[in-house]
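The chain below stands alone and is given as structure tokens, in the form predicted alone.
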Amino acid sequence: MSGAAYAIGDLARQTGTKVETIRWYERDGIMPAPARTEGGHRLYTRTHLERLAFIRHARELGFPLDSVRALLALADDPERPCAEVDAIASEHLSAVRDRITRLHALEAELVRMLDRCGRGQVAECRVIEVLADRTHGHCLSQDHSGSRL
């Protein structure tokens, strides 16, 4: 093996990734298995470091793991046109915009609850009343199916 070799702890520190996450990425196949010493310790290369940094950055930007896998496969084939990459990024942007819309609706609902709170006793608390209403009759929207954030 030529170049620098990193122990798993070094790789974790340099990328800000937990050791267990690195192991999980290996089991999942998103990270290639590293060489091992005779004692069974993992030895990572600069290529592993760069791949893990790519994964971390994509995850920080909110890309789902399936998209990260697809982006890595595309990155591994640099001669391909980037239309597929653009499509993945566009789909993610659409999901982010949808989430922002839902967050704005959530913000409006929370502001509305707090604005109507009398700041008295819990027995008359508007926040508790709204949260306890199983019919969602006090909510701006009856459709909470998309409220997972």
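If you're wondering where the values come from, they're calculated on a predicted model, not measured in any experiment. Note that residue numbering follows the sequence shown and begins at 1.
We do not show the form predicted together with the DNA, though everything after this point is about it.
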(Q) I'd like to check something about residue 81: if you look in the predicted bound form, is any of its heavy atoms closer than or equal to 4.5 Å to a heavy atom of the DNA? (A) no
Q: Verify the contact flag for residue 47: yes if a non-hydrogen atom of it lies within 4.5 Å of a non-hydrogen atom of the DNA in the predicted bound form, no if not.
A: no
Q) Is residue 32 close to the DNA in the predicted bound form, meaning a heavy atom pair under 4.5 Å apart or at it? A) no
Q.
Since only the chain is shown here, I'm wondering whether residue 38 would be in contact with the DNA in the predicted bound form (any heavy atom pair within 4.5 Å).
A. yes
Q: Flag this candidate site as yes only if 51, 89 and 95 all have a heavy atom within 4.5 Å of the DNA in the predicted bound form; otherwise mark no.
A: no
Q: Could you run down 16-46 and flag each residue that has a heavy atom within 4.5 Å of the DNA in the predicted bound form?
A: 18, 19, 20, 21, 23, 24, 25, 27, 36, 37, 38, 39, 40, 41, 42
